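Next up, structure tokens for two forms of one chain, structure 1 and then structure 2.
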Structure 1
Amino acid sequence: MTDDDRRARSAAHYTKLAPTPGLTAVVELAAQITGCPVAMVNVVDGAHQYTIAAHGISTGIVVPLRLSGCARVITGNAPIVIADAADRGEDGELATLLRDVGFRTYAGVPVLGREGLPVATLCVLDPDPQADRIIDVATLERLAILVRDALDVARSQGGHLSTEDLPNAEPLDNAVTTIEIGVREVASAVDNDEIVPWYMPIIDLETGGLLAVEALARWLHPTLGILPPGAFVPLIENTDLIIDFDLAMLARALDDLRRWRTTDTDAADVKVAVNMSAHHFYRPDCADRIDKVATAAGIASDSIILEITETVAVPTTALINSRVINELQERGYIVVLDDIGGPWLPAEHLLSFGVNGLKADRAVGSSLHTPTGRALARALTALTDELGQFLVIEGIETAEQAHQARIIGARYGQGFYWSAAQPAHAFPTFRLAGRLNPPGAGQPGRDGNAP
């Protein structure tokens, strides 16, 4: 058994612990001492991060390991402090993750479990930078000792989550899990228009022009502020609600696109990209459902990019029907496989059905300054050329990465180099993004297969 396996096994004892008064008091004190509005105790096992105590944000949040900032603290078993995630000299990967979820400041310290291995973190976050203020890491480490003791007591007493520990839990005859409570909350938020799309521009690397904007869900929570999709989408992506959720995001994004086009002539050719769970693509009425939304919005299908996204526990091609994808393409929709080069979509997906394009995982874009990153990007470019498809590279944060993406032959780019996700009213700035931050000189233009 590896050290990582031992640590994950140790962490598994703590993932379902309820927030005790002791843990709650520690996170409140951590927020007070550091001046950060959010403080959390996050348990990290081999696959997920679990928020078991929090101040300024909900408990019970579960996110995949790749979206866990605290996983870096656990891996290194050492504190990490980022005073301003906008400073590109800071830890690049973690800073990118922070900016993506709306935070600028982060400080996290490891918490040891009963087996003496790091299993959790005590961390604080702030949507504003604290570059002019030093976070007292030594005090956070002392507080982490209190967290360790509180976790040990809770583990000994078997203090696992129950409906009594959950806010607004309704008494039911059957046991109610955290996920079921969360699903009801997310459904209510969708119905109340609290979850809306924010947008990131997708830039033509040859011209610097705006090809499309990707719609990314944000929960404008009435008490917790702006929550990223990792805080709520995992709760619903293996329920029937994911279908209604995705279609609601599509409808809102198309409404925004229609509004842009009525006020801005330069928006006439701009497309909108919307994430769609793989669960849509095995349902025979998938195309009809999407058509209904597009028709209601008055937006032509060739202005809509459907990005098939990672879905937890979707067993490869079993839930993706090639006939559904073919039907969408025949109706004019642009279908893209998302996160190529990331943790999902093995070769069998590419062999089983054809799409219009591939979208490289952000890990590819953020590694373009390395020989390995460039080699992988060139391989994906060659693959899409051979298949008659186009390639979008996500995660581009610097001028050099944009330049490298262009010269290896990728047609489109996306990332913080041009813009973070912003509300719909920021659309005019997207039109300028590629021109204000051009990809730089490179090879002559390629015709490619543009959507």
Structure 2
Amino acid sequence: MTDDDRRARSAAHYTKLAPTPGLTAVVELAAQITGCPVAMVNVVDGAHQYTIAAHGISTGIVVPLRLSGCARVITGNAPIVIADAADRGEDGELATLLRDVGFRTYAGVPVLGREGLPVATLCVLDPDPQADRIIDVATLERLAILVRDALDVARSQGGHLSTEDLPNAEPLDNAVTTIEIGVREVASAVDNDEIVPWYMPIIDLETGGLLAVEALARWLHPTLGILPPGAFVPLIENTDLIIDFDLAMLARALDDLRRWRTTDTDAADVKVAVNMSAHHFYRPDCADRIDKVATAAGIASDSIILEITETVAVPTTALINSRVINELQERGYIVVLDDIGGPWLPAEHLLSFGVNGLKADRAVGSSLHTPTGRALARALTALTDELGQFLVIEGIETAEQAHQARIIGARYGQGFYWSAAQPAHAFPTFRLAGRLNPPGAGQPGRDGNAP
């Protein structure tokens, strides 16, 4: 067996570890000490790099070796520092890789596994050059000893995710994966059933019940791993393919809903929310196309929430035709505007379109622990109340944020606090999510508008 084989074999013990509090604390510390916004523990085996703990970026990212900067730290078993990837003097390949994914600074140190071979790295990244800050590699190496111990404990405790759980990890909108994907690849992936919806629960904050599940596209790529929509939706968003793509996701989501309903009586009034690019909403045949999919699946329109989703680089208000929205509503569909308070918010949208509900952007949910976040959520609650619309606050990650949402009187919540996006087979856990993780007793919430 070669050294590389031995290393890969040792690394295999760590690739599926869940991030433990110890690992998370070390990456946070690494980010803080170096002043870098991103820090990760990456396990590298013979074929891939796995992000098993992270600060400032998602865990669960899997990239092929070729796109792994950390693989070089492992093969050299020595630290690598790139102070500014734009500087021609730096290691050419690695610097190019960093620039491609939007980073200027990188520092990675090896972490040894139980077999005494390097199996992982502790690394930090910054989109800005570290011109006048010097990353202290010796400190990172000391932290790498803590990572080694934390990995060892996790390995002993069998802190592995089961293969079923693994996709639980939320992949990241990472530029890495867009490098070699083109529109044609996306089109054939849809045809080959490689792109499927995963689901995230939307929870009734008052009852803990499940209002709906949102379908979020995931590409189960044969070599690159699980790709998030950020890696491929932008490529097709301004092509005709987006129409077929969204309708294909709708068809699959409705099939899944029908299946859940046959096996699970409690699923009878759960709805499905799908993301529809704004491009649909100016086409006069929009409602007919959606009807066709719904009829084929045998799902009634009032079980379907259509989320009008931001589209990059197009003035969306110009795209959407409010008559199309009205027609959909007349046929019983529930239409909401997505990402309110995010980059595309436009008072203009609120004024132009009579929708059934609003989804507050992730930025709102994740700032509910701050006075400004709460004020914003309260304002959106009042706005939707007054208009007879319902409000979903996205991006709720902690019990505290869930509690705040509820006392503000928001009716529905969504976020990692309950669950990240998961494959269709995880549906039964969604029904429990709101009950196992209730937003907490205390002041009662109010009964906001329901869809």
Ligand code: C2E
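Throughout, rigid core stands for the largest set of C-alpha atoms superposing within 1.5 Å between the two forms. Start at 1 and count along the sequence of structure 1; that gives the residue numbers used here. Quantities reported herein were computed from a predicted structural model and do not represent experimental measurements.
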Worksheet item: Which of these two, 1 or 2, is the form predicted alone?
Response: 1
Discussion item. When the rigid core is used for the superposition, does Asp256 move between structure 1 and structure 2 (threshold: C-alpha shift of 2 Å or more)?
Written reply: no
Practice prompt. Once the core is aligned, please say if the CA of Pro110 is shifted by at least 2 angstroms between structure 1 and structure 2.
Written response: yes
Worksheet entry | Exceeds or equals 2 Å, Cα of Val38 between structure 1 and structure 2, core fit | yes
Worksheet entry | Val27: CA movement between structure 1 and structure 2 [superposed on rigid core, Å] | 20.6
